[in-house]
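Only one chain is shown below, in structure tokens, and it's the form predicted alone.
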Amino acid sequence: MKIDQISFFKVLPHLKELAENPIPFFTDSLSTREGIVKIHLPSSKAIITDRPEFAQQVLQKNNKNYTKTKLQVENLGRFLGKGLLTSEGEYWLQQRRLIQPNFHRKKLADLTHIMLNEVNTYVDHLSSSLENGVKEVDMSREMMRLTFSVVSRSLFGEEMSMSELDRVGHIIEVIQKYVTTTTRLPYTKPWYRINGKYNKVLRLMEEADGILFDGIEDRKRSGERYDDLLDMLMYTRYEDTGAGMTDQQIRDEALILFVAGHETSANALTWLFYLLAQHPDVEQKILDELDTVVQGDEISFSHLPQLTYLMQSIQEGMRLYPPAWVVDRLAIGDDKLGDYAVKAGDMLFLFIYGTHHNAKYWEDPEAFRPERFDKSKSSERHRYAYFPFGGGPRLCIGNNFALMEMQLVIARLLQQFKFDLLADQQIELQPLVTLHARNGIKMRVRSRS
């Protein structure tokens, strides 16, 4: 069966919308076409689907037939290197097998003291900045700042100064915007080469590399061991040779963890605070659970498995606002998605946001109901009706790190502060590489004490 198509002439009036926010166009296009459609873009054709069984076919059942697209392998890889996010084939498999054991939940327990230290430092800073117990903030910026410090210290310990890490973070932000723009609007590439923007981005990446390689070299010279991710990358050994990674490989993997680890969590947390501010009943249930489990002690790794309602709230937040809102793949050979034929060379967009909001798979999908994620209800839905971390062999390696981080952040901040939405602001989606709030989310912070 052929997939229904939308010609370029019908797409043409929507090009600006597709560049700024493709989610409404994707949603409308799929709603009347059985959850799968092929659209003709300026530089390519793309199959878009929000059907969970098709996502499972691509990511899991026949994953060897699909590779990542130019967006990640070539466009991002040109700047970020060959880390887990941007590599493919045997090299990716070798790196995944090497690094994955270090991201098992129990292995990450040693990092919770670093996470908590950064969260507590942020809590102290925010408390001291309140005027008469109140302050107005942009939660997008606040969460970006907090998760940046958590991931930075979890990765590099004290090896780099915050000014150096801030500079690397700024450079990565510039590069992501450049890659997103040139991918969605490929005709901008020649212009950016002419006006010097491409060379400017290359120089910025060279600057970031200098900071990262200096940090790796300083750690090696020190000869000391630390409970952080840089230590893990430096001392992990390949089973067949007993050798470690080169400095270039350490840089590539560290940079990917840095990129994937702070922006995704920051966006998920921002949207969750936005939801909690509109649902005080959910917030109170989280606070009650914290009182019962933590009982006045300082929260620790041992408490996290018991904070089940908090975890359900995080999962529901990522259903409504998945940080990775779409997954892209390229078909190597022919395949079938149900009755629909996929040809070698076809590009596919697995529309995570669309799946998570589809009434076929979720009752009252726009409602915020953490109870959906009670374990007793998981068997009621398709396994890929919810996949914020992707799926199959390329399931996000940092999912446990991210969930632990979010539990600790939400717990500590809700214990200390009350967050209220400011009136008269327009909250809009901005789907870049991850799902942002276009103009941020302004909130009033009040001390609970």
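Nothing here was measured: the structure is a model prediction, and the numbers come from that model. Residue numbers run from 1 along the displayed sequence.
Absent from the display: the form predicted in complex with a small molecule. The rest refers to it.
A residue is said to contact a partner when one of its heavy atoms sits within 4.5 Å of a partner heavy atom; Cys396 meets this definition for the small molecule in the predicted complex.
Shown alone here, Phe401 lies within 4.5 Å of the small molecule in the predicted complex, counting heavy atoms only. At least one heavy atom of Phe389 is located within 4.5 Å of the small molecule in the predicted complex. Of the heavy atoms in Ala208, none are within 4.5 Å of the small molecule in the predicted complex. Annotated contact segment (heavy atom within 4.5 Å of the small molecule in the predicted complex): 92 to 100, selected among 92 to 100, 291 to 299, 192 to 200, 121 to 129.
Note on contacts: among Ala277, Val327, Leu320, Ile172, the single residue with a heavy atom within 4.5 Å of the small molecule in the predicted complex is Val327. For the options Leu85, Leu146, Val342, Leu310, the residue carrying a heavy atom within 4.5 angstroms of the small molecule in the predicted complex is Leu85.
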